[in-house]
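First, one chain by itself: the form predicted alone, in structure tokens.
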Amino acid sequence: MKTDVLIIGSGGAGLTAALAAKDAGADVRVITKEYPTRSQTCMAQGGMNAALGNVSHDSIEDHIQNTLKSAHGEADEEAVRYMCSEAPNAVAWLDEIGVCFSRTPEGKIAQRRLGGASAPRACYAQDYTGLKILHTLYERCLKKDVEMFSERYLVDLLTKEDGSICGALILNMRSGELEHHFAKCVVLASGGYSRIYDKYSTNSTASTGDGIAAASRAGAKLLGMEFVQFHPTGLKNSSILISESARGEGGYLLNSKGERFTNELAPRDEVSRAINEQIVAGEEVFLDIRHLGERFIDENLPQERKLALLYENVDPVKDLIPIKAVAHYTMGGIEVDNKSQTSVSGLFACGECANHKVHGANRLGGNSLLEIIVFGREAGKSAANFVFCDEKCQNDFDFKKEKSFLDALIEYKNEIDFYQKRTELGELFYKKVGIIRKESQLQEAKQEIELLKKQLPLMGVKDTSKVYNTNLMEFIEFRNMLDICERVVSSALARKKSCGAHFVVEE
């Protein structure tokens, strides 16, 4: 199967890239291991930043400075300026294609303030912003006849003898067969890796860093892997996300004594550490939105009320919401240039799997949806331009034939339960590679990962069937997670001083 541009991932970044490449005249195919409407983008509830000034005075320069401050010196100013300057155009484009943003009484796009912002800047659609953007993008792709292949799992990227990318090796989850999808270039939009923290993450079980691991094996450079953002308000028992919009609309953070202990709208790394300090001191922590009133909550925060009722059995209209800080977003990823090109010819990346150097050590709330639109469009255009302008991609799709990881699984034994090890790994990372880090604990985590990698041949799958073999897919995910964990720990050990989400304390 051949196409011009092969996109791995069908979240907001992937679908935006698909539309941009299609509009540029390229043939486009999207590969996704789930279904487009189930991607992680739907969990971005609070809003999308753009300095429109619809509610109060704001400016693009203020947006730039807020982003740079939140990034703790680790962002590239030129990239930040580009993203923030493109933000009004990105929102206008979404509005044009049908995203149903909430409105002010004057009919303008409504905006709310999120953590780290100097003004109400996040354009929102109640507290379903990412979901409504995602569904609109998907409908647009269907209208444009973008080719979609769901329930396909990325095993590895296909490379030519010169190391350039010419497609991907894909596992068809329905049939169990391997497929070779050839392309003149590949855009990775496969999401982040927060699920290495297992149950201590707001992310879906699909956020296992597959694209980043595959890109690294293909020779792409990774950057900033130590920077993992912890969201202050995950539900205590389930880690389900309660959107920052709840605090943006005036919610309080309280401890067991009923005391407010931090600035609720400070950058996420600061708020998460403050919550962690309370919990370590023996306090429980709660989000309080009762004072906002039932009518306001049902109109502006309906999803947050439903989630609290469903997963915590509390009604935010009259009850406090028990919360904890959990892994939410990964700033690190595949290093790309200003055209979303990786260090490997023919390989582009966008969205959470990519590091465009705009988030640095701590992402500003509301910038994730902005990034996937701005750089998703840029990646799609760049990929199409590569197809039409680069002589290399006019060659045949002769890939370097290598033994697949799946071929070796035949010899793997089933003596160790990798599901148990995955749970233990999540516990290990939350405690020792989490909100607060110590060098000795990072070293312990490093040793455990090395041991797990050595034991991998003893963790073979039990299910030998082909059709919908989720046991096999989850084992491949675990293998990718170990590769990602190794990079996160090594990057954390290399950075000796605290910086944003990477907070180191003395022994």
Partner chain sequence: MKVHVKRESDFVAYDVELPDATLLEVLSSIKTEQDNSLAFSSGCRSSVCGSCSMRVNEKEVLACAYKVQDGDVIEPLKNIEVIRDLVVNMDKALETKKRAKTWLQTYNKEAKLTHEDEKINALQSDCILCGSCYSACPVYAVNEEFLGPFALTGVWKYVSDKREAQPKEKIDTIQTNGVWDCTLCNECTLVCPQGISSKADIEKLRMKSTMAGYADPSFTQSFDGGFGFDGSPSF
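Note that this is a predicted model, so its numbers are computed, not measured. Numbering follows the first chain given and starts at 1.
Omitted here: the form predicted together with its partner chain. The next part is about that form.
Enquirer: Among 373 to 381, 79 to 87, 307 to 315, 219 to 227, which stretch has residues whose heavy atoms lie within 4.5 Å of its partner chain in the predicted complex?
Expert: Of the stretches listed, the one contacting the partner is 307 to 315.
Enquirer: Contact with its partner chain in the predicted complex for residue 204, defined as at least one heavy atom pair within 4.5 Å: yes or no?
Expert: Answer yes; at least one heavy atom of residue 204 falls within 4.5 Å of its partner chain in the predicted complex.
Enquirer: Examine residue 465 and determine whether its closest non-hydrogen atom to its partner chain in the predicted complex is within 4.5 angstroms.
Expert: Looking in the predicted complex, residue contacts with its partner chain include residue 465, since a heavy atom lies within 4.5 Å.
Enquirer: So, residue 474 and its partner chain: in the predicted complex, are they within 4.5 Å at any heavy atom pair?
Expert: Judged by the heavy-atom cut-off of 4.5 Å, residue 474 is in contact with its partner chain in the predicted complex.
Enquirer: Does at least one non-hydrogen atom of residue 293 fall within 4.5 angstroms of its partner chain in the predicted complex?
Expert: Residue-level check for residue 293: no, no contact with its partner chain.
Enquirer: Though its partner chain is not shown, can you say which of 337, 424, 417, 407 has a heavy atom within 4.5 Å of it in the predicted complex?
Expert: So the residue touching its partner chain in the predicted complex, by this definition, is 417.
Enquirer: Within 4.5 Å of its partner chain in the predicted complex, heavy atoms considered, which of 255, 164, 136, 341?
Expert: Contact check passes for 136.
Enquirer: Do heavy atoms from each of 118, 453 and 480 fall within 4.5 Å of its partner chain in the predicted complex?
Expert: No.
Enquirer: Residue by residue through 25 to 54, which ones have a non-hydrogen atom no more than 4.5 angstroms from its partner chain in the predicted complex?
Expert: Result: 35, 37, 38, 42, 43.
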